[in-house]
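Just the one chain here, laid out as structure tokens, in the form predicted on its own.
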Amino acid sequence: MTRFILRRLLQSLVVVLLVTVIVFILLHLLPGGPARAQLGPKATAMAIANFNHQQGYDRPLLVQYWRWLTELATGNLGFSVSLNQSVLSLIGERLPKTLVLTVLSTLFALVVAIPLGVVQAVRRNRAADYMITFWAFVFYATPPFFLGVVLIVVFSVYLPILPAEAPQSSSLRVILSQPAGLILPVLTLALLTIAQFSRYMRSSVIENLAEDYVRTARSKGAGESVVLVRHVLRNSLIPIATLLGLSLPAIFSGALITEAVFNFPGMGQLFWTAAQTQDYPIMLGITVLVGLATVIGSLLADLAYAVLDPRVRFA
């Protein structure tokens, strides 16, 4: 198990380095370069030259990359000129709020999607299966921003029972003290995740129900509930564990879009504001963070797979 973890950690480190290379290239592909992006289109040639010299952009690319990588390793993601604040501090203020939104929606999606998938598999090709499949396809094909708008129209306009805007505060405690404002953003993210996870859970349960160990358990007199809970469920959760790890970046990215719809003061709102003001350090900092989340999600998926299926450790 230790060798498996070390091997996966080494692979993750290589992927992280590749992500930093891509982000570094994107930084130098900005229109007019980083200087023009931060100083604006009206900056003079002398101002651009001074900025490039101060920031080291007139040095060889390998030297620039090594300097940028060492600063990144120490947590220096750049400085936002428009907000007059470091990118790391801005992300530190917004990230906990986005994580709350992501964690709540993911937990809710798992609690709902796993039983739905089991019900669909047990009642395969019946009315319940067809109905759940229909709505799963509808939500899976719906963009998060459109689904958020639909929920606002339904539950804030026609049925004014929930606020259309998320809680507005710089304090996470204040935001959590207003749970009604979190329902629609969490539901928007959760419905998309439920649609995806329930389909995978259905397929996994159906596949495991046809395995020999299930027939053996039934021949020994085990009831259907015992077979499902003690035998089928654990093996069926292996693809879900993998999918969960790989879906974390997508859920996180969906949270960025959802936050813009509900004006939630998290990473999404920060990224949206940075895009409007062309604040590239913030955009690149968030891009690095999402890339890191992708690597961590993949690593967690591998570790969960190894815990649920010991044979993977020797692959």
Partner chain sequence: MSTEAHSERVSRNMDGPDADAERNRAANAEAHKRSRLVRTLSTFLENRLAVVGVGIVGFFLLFCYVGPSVYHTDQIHIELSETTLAPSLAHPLGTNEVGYDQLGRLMVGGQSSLEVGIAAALLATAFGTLWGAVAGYAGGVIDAAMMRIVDALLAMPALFLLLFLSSIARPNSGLLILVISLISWLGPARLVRGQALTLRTRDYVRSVRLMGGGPMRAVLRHIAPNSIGTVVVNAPFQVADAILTVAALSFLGLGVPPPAANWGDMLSNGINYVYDGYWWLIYPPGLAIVLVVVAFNLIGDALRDSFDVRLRRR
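Numbering follows the first chain given and starts at 1. The structure displayed is predicted, hence computed values, not measured ones.
Here the subject shifts to the form predicted together with the partner chain, a form of this protein not shown in this document.
Of the listed stretches (67-75, 110-118, 198-206, 173-181), which one has a non-hydrogen atom within 4.5 Å of the partner chain in the predicted bound form? That would be 198-206.
Could you tell me if Pro96 has a non-hydrogen atom within 4.5 Å of the partner chain in the predicted bound form? It does not: once the partner chain is placed as it appears in the predicted bound form, Pro96 has no heavy atom within 4.5 Å of it.
Indicate whether the partner chain has at least one heavy atom within 4.5 Å of a heavy atom of Gly297 in the predicted bound form. The answer is no: Gly297 has no heavy atom within 4.5 Å of the partner chain.
Is there a non-hydrogen atom of Ser253 within 4.5 angstroms of a non-hydrogen atom of the partner chain in the predicted bound form? So Ser253 counts as contacting the partner chain.
Quick check on Leu284: any heavy atom within 4.5 Å of the partner chain in the predicted bound form? Residue-level check for Leu284: yes, a contact with the partner chain.
Even though the partner chain is not shown here, does it sit in the predicted bound form so that Pro41, Gly56 and Leu83 each have a heavy atom within 4.5 Å? No, the whole trio is out of contact, none within 4.5 Å by any heavy atom.
Check each of Ala164, Leu104, Leu187, Leu244 and return the one that places a heavy atom within 4.5 angstroms of the partner chain in the predicted bound form. Of the candidates Ala164, Leu104, Leu187, Leu244, Ala164 is the one lying within 4.5 Å of the partner chain in the predicted bound form.
Interface residues of 133-150 toward the partner chain, as seen in the predicted bound form [heavy atoms, 4.5 Å]: Going through 133-150 in order - heavy atoms within 4.5 Å of the partner chain in the predicted bound form - the hits are Phe137, Val138, Tyr140, Ala141, Thr142, Pro143, Phe145, Phe146, Val149, Val150.
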